[in-house]
Ligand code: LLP
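Just one chain follows, in the form predicted on its own, and it is written as structure tokens.
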Amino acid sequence: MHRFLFKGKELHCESVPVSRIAKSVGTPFYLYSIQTFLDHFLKLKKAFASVEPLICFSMKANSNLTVLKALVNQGSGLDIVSGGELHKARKVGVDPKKIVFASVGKTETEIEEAVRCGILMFNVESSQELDVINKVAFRLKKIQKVAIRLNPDVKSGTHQYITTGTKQNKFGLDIGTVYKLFMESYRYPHLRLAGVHMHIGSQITNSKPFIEAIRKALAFIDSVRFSGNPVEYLNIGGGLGIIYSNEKPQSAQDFAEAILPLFKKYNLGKDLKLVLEPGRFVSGNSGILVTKVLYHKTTPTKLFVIVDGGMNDLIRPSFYGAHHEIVPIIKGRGKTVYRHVDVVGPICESGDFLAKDRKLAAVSEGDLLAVMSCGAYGSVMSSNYNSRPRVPEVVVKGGRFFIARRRENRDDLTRLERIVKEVV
């Protein structure tokens, strides 16, 4: 599952003791196992090898340049959702024909940058967006491939904030509307409506919602093809769940064995190309957040463990009520009694917590804790709230560690600001 393992009493990332890294870079910090990223990506690649899919890692899960470069070197494409992510994708040298661009709110500037770059396709969310892409492609004298995002109205059984495939969500278009767009493709002479895209949610732990959604998508593709519109691609998005606590998600092989039979009448890789957009599945268990215990605080009803990492560093527990396992970096230091505690940070918000009512080995001031499964939607969702510098990202490969993104300093907090003398 991952390469964060105890050797003796101490947690290691691959072959490096985590405490050694903490002593060098300070706390808090994000720590990534590069080999774990590659393990998970290659498992997915192997499971689907028979149909040669385009696998585009979802940058919104983790956009660290070193991580991206390691995946691209193994043949990964990239799924982007902004002009900023396009900029980072180009920095790591990904083949533009392995870039797909999602997002419900692409600006004309972002669209032009992507068309100029020569990306494979846009995942389109509205007829108005089609109009803008067509206009930009006309201006640049290009023919641009697009996929229309189909909302299959399938419940994924996950948190409401990461459910994206029901009719109540802002994502995609209903089947009737998408069919009409394909039938009126002549209205977009500088576009090729080449694919169908869907993404039904995130942290989905079983194959049933995927099977239901894919069946709907294939039936739709059949109807569109019958009407004379070739469809080259089916992009089934991402959403595969991982283990945070007691979940029992499907493996890459399980997933492939569940969905590939749905395509038995298609010549996958030839007349229909499959695209996958994994994010959390590849990155989630590939990283941790390391934080240090500052204080204990006891009230008549609670015991708080106060640490130096806060909701600005990891917002998922506060935002989603997400569960992350928390373990001491060194086992058995001090008492071994377990207590129900809240692990909280220094931010001036009641919502600033990493865990609530958690059974945790007794820890002392100065002890290090690992917040597990933070490789996805961790650093990418961090902020400077309370004017806190964002923390570094450290990568490990084998027996060596490297700072891939330095810790911000206080000058970074004011680097883009100025005091407007005319108003003070």
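Don't overthink the numbering: it's just position in the shown sequence, from 1. Here the structure is a predicted model, which means the values were calculated and not measured.
Unshown form predicted together with this ligand; subsequent notes refer to it.
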Exercise for review: Could you tell me if all three of Asp79, Gln203 and Gly238 have a heavy atom no more than 4.5 Å from this ligand in the predicted complex?
Suggested key: yes
**Study point:** 4.5 angstroms heavy atom contact with this ligand in the predicted complex for Leu289
**Key:** no
Practice item. Report whether the minimum heavy atom distance between His190 and this ligand in the predicted complex is within 4.5 Å. Key: no
Check your understanding: Taking 4.5 angstroms as the cut-off for heavy atoms, does Glu85 touch this ligand in the predicted complex?
Key -> no
Check your understanding: Can Asp313 be called a contact residue for this ligand in the predicted complex at 4.5 Å between heavy atoms?
Key -> no
Point to revise | Option from 374-382, 361-369, 66-74, 32-40 whose residues, in the predicted complex, bring a heavy atom within 4.5 Å of this ligand | key: 374-382
Review point. Here the chain is shown alone; which of Lys60, Lys45, Lys397, Arg390 has a heavy atom within 4.5 Å of this ligand in the predicted complex?
Key: Lys60
Review point. Gly279, Gly172, Gly195, Gly345: which sits within 4.5 Å of this ligand in the predicted complex by any heavy atom?
Key: Gly279
Revision key, fill the gap. Taking this ligand in the predicted complex and a 4.5 Å non-hydrogen atom cutoff, the residues of 98-117 making contact are Ala102
